[in-house]
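Next up: a single chain in structure tokens, the form predicted on its own.
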Amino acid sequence: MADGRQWSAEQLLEAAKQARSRAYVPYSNFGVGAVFMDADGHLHAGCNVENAAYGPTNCAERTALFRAIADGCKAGEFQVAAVIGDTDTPITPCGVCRQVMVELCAPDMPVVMGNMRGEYRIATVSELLPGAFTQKDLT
């Protein structure tokens, strides 16, 4: 990591698992947890929050990122993220969350994707959304 802070996939996934335990999922019963580590090494956690109207539902990754921004973190300063769900293979962020990560995270930021069985894989933000729509596309 750029500032030399150490992290392990297992520790990040454990923090994401704790966030997952707080998910509000009365309709799908599919809880997801996520954490983003800021430049100071602090973790910002989020869980998915469902709504009966479906559209207002928010994913764990966006909850964590929006919380971090609201807490004063700056776009581009996140060091690593982790997301976890009860899936057969390591969970991946949805397309909307990938686009938000492109906006708020560095392209080379690692994203640890895991499941409740302890399996995980790591990819960068740019690997998760190649050819992403960015501010450069607005000019």
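The first residue of the sequence shown is number 1, and the count goes up from there. These figures come from a predicted structure and were not determined experimentally.
Missing here is the form predicted together with a small molecule; even so, the following discussion is about that form.
Heavy atoms within 4.5 Å of the small molecule in the predicted complex belong, among the stretches 102-110, 37-45, 68-76, 86-94, to residues of 86-94. By the criterion of a heavy atom within 4.5 Å, residue 81 is excluded from the residues contacting the small molecule in the predicted complex. Within 4.5 Å of some heavy atom of the small molecule in the predicted complex lies at least one heavy atom of residue 32. Using a 4.5 Å cutoff between non-hydrogen atoms, residue 64 does not count as a contact of the small molecule in the predicted complex.
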